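One chain follows as structure tokens, the form predicted alone.
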């Protein structure tokens, strides 16, 4: 029953919640980002990060540094923290933590399959995969020619197996089919994660419902914008939207028939939480939409820490740390390519 978590939550979840709140305190602040934006070289960035929790991960890296090295080491820190929490978690928190990684698994599957289609080296592709989304048989994905083989040979033994039931076809894999597969898998994953959180009940269900609904709505908008001008029919587009969220079902009906970004804007402005996002954009401008969505997401993730005795803080922390790594990647790229005038374009301040 909602409100009674305080009685029993700390028996199994109290220690890890304290740990994750401690990790959250080590996220970079606006002052850190302002200092990073002043850096002239990647070595300056490394020197500034040495005073943060990233220091031990970067200290033995020789000059000259590369952006990929900085991102790799920062991601390694996130993976270490995640594995440490997973080792100490008991049910149902351990299952909740595993759910967080399924999105990365889907991205890795799509990356390998797309790369193989374009005849890229499998080893090179494996290096680009996100470490949180790795599983034992990932290297053998390269042998599959269609969805059925992909499922039968590789994915049947992974946590993604139940999500494949909707997209098993005998069609050969091409760029369009792979993109549809990615979005169908994500839809099944988000709906499954949503049901799991509802089953947990209490504050976890309340806060995670809001965060997952936002994710589902953002994906619906991105699918709509990316499918404008393609051969994807309205019905096909509609099938890729998740069956929950603020836009479900009437907003989905409107998005399914949108032909340009201004029509998408018109549909979204009927929903007050998204009106403020689209108000930041001038008409016909879609490039800044991602940043506006990230800023709104960060705001919601920070609010998850305002309540106690729930699992949403683990999800929020992982997402905030991933956003921080995206920020560091953008700043590093701008410094490396001598484009410092653009450094603020994609940085999303967390605090």
Partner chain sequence: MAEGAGGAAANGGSDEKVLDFLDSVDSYLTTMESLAPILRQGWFDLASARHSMGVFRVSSASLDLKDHSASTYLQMVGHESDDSFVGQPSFSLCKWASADNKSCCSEEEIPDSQLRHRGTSRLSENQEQNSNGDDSLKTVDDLVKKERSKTLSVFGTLVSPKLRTAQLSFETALEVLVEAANIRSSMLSAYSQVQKQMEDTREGEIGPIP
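Residue numbers count along the first chain shown, from 1. All of these numbers come straight from a predicted model, not from anything done at the bench.
Below, we refer to the form predicted in complex with its partner chain, which is not included among the displayed structures.
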* **One stretch from 175 to 183, 274 to 282, 205 to 213, 150 to 158 that, in the model of the complex, holds residues within 4.5 Å of its partner chain by heavy atom** => 175 to 183
* Residue among 125, 74, 268, 258 with a heavy atom within 4.5 Å of its partner chain in the model of the complex -> 125
* To do: Report the residue, out of 117, 100, 200, 139, that has at least one non-hydrogen atom within 4.5 angstroms of its partner chain in the model of the complex.
  => 117
* Kindly confirm or deny that 232, 290 and 326 each have some heavy atom within 4.5 angstroms of its partner chain in the model of the complex. => yes
* Indicate whether its partner chain has at least one heavy atom within 4.5 Å of a heavy atom of residue 10 in the model of the complex. => no
* Is residue 111 a contact residue for its partner chain in the model of the complex, using a 4.5 Å heavy atom cut-off? -> yes
* Using heavy atoms and a 4.5 Å limit, would one call residue 17 a contact residue for its partner chain in the model of the complex? -> no
* Find out whether any non-hydrogen atom of residue 264 is located within 4.5 angstroms of its partner chain in the model of the complex, and reply yes or no. => no
* **Residues in 309 to 346 close to its partner chain in the model of the complex, defined by a heavy atom within 4.5 Å, in order** => 326, 329, 330, 333, 334, 337, 338, 339, 342, 345, 346
